[in-house]
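Next up: a single chain in structure tokens, the form predicted on its own.
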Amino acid sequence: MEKTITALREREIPFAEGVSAERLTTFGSGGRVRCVISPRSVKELRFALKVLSDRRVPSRVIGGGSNVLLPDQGYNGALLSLACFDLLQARGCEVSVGSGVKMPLFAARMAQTGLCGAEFLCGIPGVMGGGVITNAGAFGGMLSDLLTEVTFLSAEGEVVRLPASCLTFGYHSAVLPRGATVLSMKMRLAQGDSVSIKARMREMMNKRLSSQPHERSAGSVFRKTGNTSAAIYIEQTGLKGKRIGGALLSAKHCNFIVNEGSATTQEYYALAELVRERVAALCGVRLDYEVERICSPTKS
């Protein structure tokens, strides 16, 4: 890792060492991350990825950290933040947006511009790049409904633009070429009335605030099973309000585990596994995780 750090320093690519995971994820658990790299351009991103690959340093893009958990013992690799990829430009109904733009910010800016269709993104934590990878959606809308083109950096370091029609999207999922890093995307929205758009967004936010917990969380713990919400099964377990350490199964929405202030990643998964086992025993259904667990690599 030291040689990687030296290479980044020589190229003057921004990075930070020993970053607390609490700052990187919405749940706020985990130990310290060895290195967080913040490239400001495709050139810097390409160089950083090549250096990491050449030196076999484990790495991944962290995005907004809204559906991932980092290990309590820390992450002895590199995480890449694309927050500087913040392009946001509208020409008529055609919109170009960088992968590092936060989804609620994007929705708000579109409302101000008088473009409709992106309102459902207003309460989804995370960034647009992660939204493409997970096909973010809410209130019946999905990001794939809006996408016309996705630009990414291939595993070989080439900038590739693909029509959205060439990609496969599913429920909270997307199939991109292996090793692809999303850089930006283009979308088509529709002309609308700014006042009406903002009113719809307020309605969506009120529904979200009334039905979901306000404490720190990683979002929904489990995916739907078929067309059935995981919460339907979890309700039957009687585990709402169950606590393990600082992790609490929300009484407001039982498909959320919230951090009461000191929860660890281990406590989160201990509680989540208890839920899975109880649902399997009572309902004969094996729930699949929506939240991704990033494992700690061996020392590098």
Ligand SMILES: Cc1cc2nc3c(=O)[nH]c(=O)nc-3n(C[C@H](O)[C@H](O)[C@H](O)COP(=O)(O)OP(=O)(O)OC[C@H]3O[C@@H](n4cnc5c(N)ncnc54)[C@H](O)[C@@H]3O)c2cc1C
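Residues carry their position along the shown sequence, with the first being 1. None of these values were measured; they are calculated from a predicted model.
Here the subject shifts to the form predicted together with the ligand, a form of this protein not shown in this document.
Stretch-level contact analysis of 223-231, 134-142, 86-94, 111-119 against the ligand in the model of the complex, using heavy atoms and a 4.5 Å limit, identifies 134-142. Taking a 4.5 Å heavy atom cutoff to the ligand in the model of the complex, the contact residue among Met187, Ala107, Val182, Ile197 is Val182. The ligand in the model of the complex is not approached by Lys207, whose heavy atoms all lie more than 4.5 angstroms from it. Within this chain, Glu292 lines the site of the ligand in the model of the complex, having a heavy atom no more than 4.5 Å away.
At the 4.5 Å threshold, heavy atoms of Gly63 reach the ligand in the model of the complex.
In the model of the complex, Asn67 approaches the ligand with a heavy atom inside 4.5 Å. Of all the residues from 213-241, those having a non-hydrogen atom no more than 4.5 Å from the ligand in the model of the complex are Ser217, Ala218, Gly219.
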